[in-house]
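Here we start with a single chain on its own, the form predicted alone, put down as structure tokens.
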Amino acid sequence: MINRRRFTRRLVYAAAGMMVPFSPVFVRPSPAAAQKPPELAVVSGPDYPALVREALRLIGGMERFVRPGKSVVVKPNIAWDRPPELAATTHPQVVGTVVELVLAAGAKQVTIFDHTCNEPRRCYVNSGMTELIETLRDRRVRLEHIDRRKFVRTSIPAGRSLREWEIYQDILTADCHINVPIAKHHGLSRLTLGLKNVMGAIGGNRGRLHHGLAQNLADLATVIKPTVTLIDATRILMDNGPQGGRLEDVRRTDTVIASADPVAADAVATTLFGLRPEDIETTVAAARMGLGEMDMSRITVREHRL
């Protein structure tokens, strides 16, 4: 488990723009914890497919989340017409490895999509996703272009700000939802991580959600619940997000973070930017609603450098 001293050291390194040195950590949950702490993996190294495999292995393997014969939605961030090196979209090697593991676990169908901000076909091509699917050559995998007829008005009973919204049908009906955001700066919410990646799975007037964005995203998280979140922090966009466009805003961190707890995943990813979990309003709002753990002392973190 990360202790306060270790957490403070991480902040110092991140604020200085330095890679945090990783070493295997043996953890033991606190007996005082009221509930079992969420498990989380932080893996770093230059081989991106290996990072994904190891991160998922450390939290139980893909078989823990995907059962044979089930349908799976893999939701990356493909919102912008940007190549992978600009860190505005999830790296295709990360997405591709997730899909390969899902198929190896026996999934009958894998759907990948995003409700893009720029022109959809350009986003899919320039992010590398189209080439990825062509390379996989597997009929079980489908890169879906948004069909607006699939947005269904969905009740949000636990919502404090939103009581209903249009949500993409596939993500509501899939047996398993794997959230694969990229970690990056955002001009409005400071960072966009796992919880904000839900914006690519909803319809309606998304701009309307920007007023009270943190609570709105937390409300959506009560009905759009990823089975597991794997945050791509192989390259992180430090400024001019979410769209970016300048290589000088990109820092290579060669890291992925995985957890079944979406709040914990966001909380730990935040430290890569030299920030604290409580600096991100969306994380705070979701934690207050009991959607996950943001207290670093209550998260079981397994770190490994490959």
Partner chain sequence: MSTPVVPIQRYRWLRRARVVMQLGCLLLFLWLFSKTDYDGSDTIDYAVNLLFRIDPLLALCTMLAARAFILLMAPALVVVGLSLLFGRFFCGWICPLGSLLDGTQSLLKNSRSGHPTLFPSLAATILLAVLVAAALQLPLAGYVDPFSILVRALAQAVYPALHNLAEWFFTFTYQQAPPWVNALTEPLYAFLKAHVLPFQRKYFDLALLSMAVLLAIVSAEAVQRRFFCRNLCPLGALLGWFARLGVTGVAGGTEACGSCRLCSRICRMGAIDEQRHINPNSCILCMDCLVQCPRQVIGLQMQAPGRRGAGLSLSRRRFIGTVLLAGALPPVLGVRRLTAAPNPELIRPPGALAEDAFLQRCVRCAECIQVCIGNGLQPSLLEGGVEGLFAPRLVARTGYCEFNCTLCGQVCPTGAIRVLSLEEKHRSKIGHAWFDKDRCLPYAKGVPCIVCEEHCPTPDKAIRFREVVVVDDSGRDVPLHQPYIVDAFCIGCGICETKCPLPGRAAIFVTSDGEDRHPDRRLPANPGGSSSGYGGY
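Residue numbers count along the first chain shown, from 1. As the structure is a prediction and not an experimental result, all values here were calculated from the model.
Only in words, not in the display: the form predicted in complex with its partner chain, which the text now covers.
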Q: Evaluate residue 177 for contact with its partner chain in the model of the complex, applying a 4.5 angstroms cut-off between non-hydrogen atoms, and reply yes or no.
A: no
Q: Give a yes/no on whether residue 82 approaches its partner chain to within 4.5 Å in the model of the complex, heavy atoms considered.
A: yes
Q. Counting only non-hydrogen atoms and a 4.5 angstroms cut-off, does residue 172 reach its partner chain in the model of the complex?
A. no
Q) So in the model of the complex, does any heavy atom of residue 86 sit within 4.5 Å of its partner chain? A) yes
Q: Determine which one of 122-130, 154-162, 87-95, 220-228 lies within 4.5 Å of its partner chain in the model of the complex, judging by heavy atom distances; exactly one does.
A: 122-130
Q | Triplet 118, 145 and 150 all within 4.5 Å of its partner chain in the model of the complex via a heavy atom | A | yes
Q. Within 179-202, which residues come within 4.5 Å of its partner chain in the model of the complex, counting heavy atoms only?
A. 186, 187, 188, 196
